[in-house]
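Read the single chain below, which is given as C-alpha cells and is the form predicted on its own.
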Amino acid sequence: MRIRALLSRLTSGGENEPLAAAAAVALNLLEKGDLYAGGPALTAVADGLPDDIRIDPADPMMAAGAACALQRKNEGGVVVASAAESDRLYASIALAVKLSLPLVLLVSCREANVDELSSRVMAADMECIPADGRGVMKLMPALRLAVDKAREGDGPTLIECVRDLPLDDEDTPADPLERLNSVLILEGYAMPEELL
C-alpha cells in the first residue's frame, strides 16, 4: 500500500505520468542512504520522504555525480533518477558505464522511440529494460532487478517507461493509480471502499 500512497502523491497527469509509476515503485525499493533525483532536487532517502518529491526529469549528470560520490563512500547506496532523452543523458550513460556506477535512470518515451533509445543505450554497453510506464505491477520486476544490480555493484541500468503501449483490453484504465487500484481489488488485497 506504500506504493499506492506514493503514486497518489506523484500522479499529476501530463507527459511525465509514466515516470510517476516508476518513481513510486523506485522510492518504495530505495533504502536509507539511497538518493532519488527528480526535477532540480536530489533527495536523500531517510526514514520518511518529503512531501515535495518531484518526477520532472532531473539533470542526469547530477545523478551520475551523486552515484559516483556514493560509490567512493563504498556504503552500497543507489541513485535513481528521472531523466529526459538528451545529450546529457548519453554523457551520463557513458560515465556510468565507464565507472560502473550504482545508477538507475528512468526515462519516459514513446513506443515508436523505444528501439532507437534501446540501441543507443545498449551500444554504450548499459542494460536497457523497456516496461509499461503506466503499470506498477509491470514496472516492479524491472526496477527491483535494476536497484538490486546497482546495490550489488554490477553497474547502471536504464528503464524505458513506455507511455503509449496499447492497453491490455478496453476495460484497462490508462491512469497508473487507477490501474494499480484495479489490480489490488482483483487480487483481493483491498476492497473498493478502502481505496477512495
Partner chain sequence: MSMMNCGTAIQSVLDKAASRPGNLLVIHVEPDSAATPAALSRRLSLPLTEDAGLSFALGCAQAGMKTVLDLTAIRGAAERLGAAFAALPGAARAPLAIRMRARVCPAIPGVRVISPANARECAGAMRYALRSEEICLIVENPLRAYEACEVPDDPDELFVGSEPIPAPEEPVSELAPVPVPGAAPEPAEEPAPEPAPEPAAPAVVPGPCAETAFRIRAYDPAELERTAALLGISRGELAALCCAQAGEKAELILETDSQPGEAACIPPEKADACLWVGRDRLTLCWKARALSAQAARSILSGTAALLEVPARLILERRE
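Positions refer to the first chain, counted from 1. Keep in mind it's a predicted model, so treat the numbers as computed, not measured.
The discussion below concerns the form predicted in complex with its partner chain, not included here.
*Asks:* Thinking of its partner chain in the predicted complex, which stretch from 56-64, 24-32, 133-141, 154-162 has heavy atoms inside 4.5 Å of it?
*Replies:* The contacting stretch is 56-64.
*Asks:* Scan 117, 84, 95, 126 and let me know which has any heavy atom within 4.5 Å of its partner chain in the predicted complex.
*Replies:* The residue from 117, 84, 95, 126 that makes the contact is 95.
*Asks:* Consider residue 45 of the chain shown here, and say whether it contacts its partner chain in the predicted complex, taking contact as heavy atoms within 4.5 Å.
*Replies:* Output for residue 45 is no: heavy atoms all beyond 4.5 Å of its partner chain.
*Asks:* Taking its partner chain as it sits in the predicted complex, is residue 41 near enough to touch it, meaning that at least one heavy atom pair lies within 4.5 angstroms?
*Replies:* Within the cut-off, so yes.
*Asks:* Decide whether residue 49 counts as a contact residue for its partner chain in the predicted complex under a heavy atom distance cut-off of 4.5 Å.
*Replies:* No - in the predicted complex, heavy atoms of residue 49 and its partner chain never come within 4.5 Å of each other.
*Asks:* Please tell me whether any heavy atom belonging to residue 145 falls inside 4.5 Å of a heavy atom of its partner chain, as the geometry stands in the predicted complex.
*Replies:* Flag for residue 145 set to no.
*Asks:* Which residues in 71-89 have a heavy atom within 4.5 Å of its partner chain in the predicted complex?
*Replies:* Contacting residues: 71, 72, 73, 74, 88.
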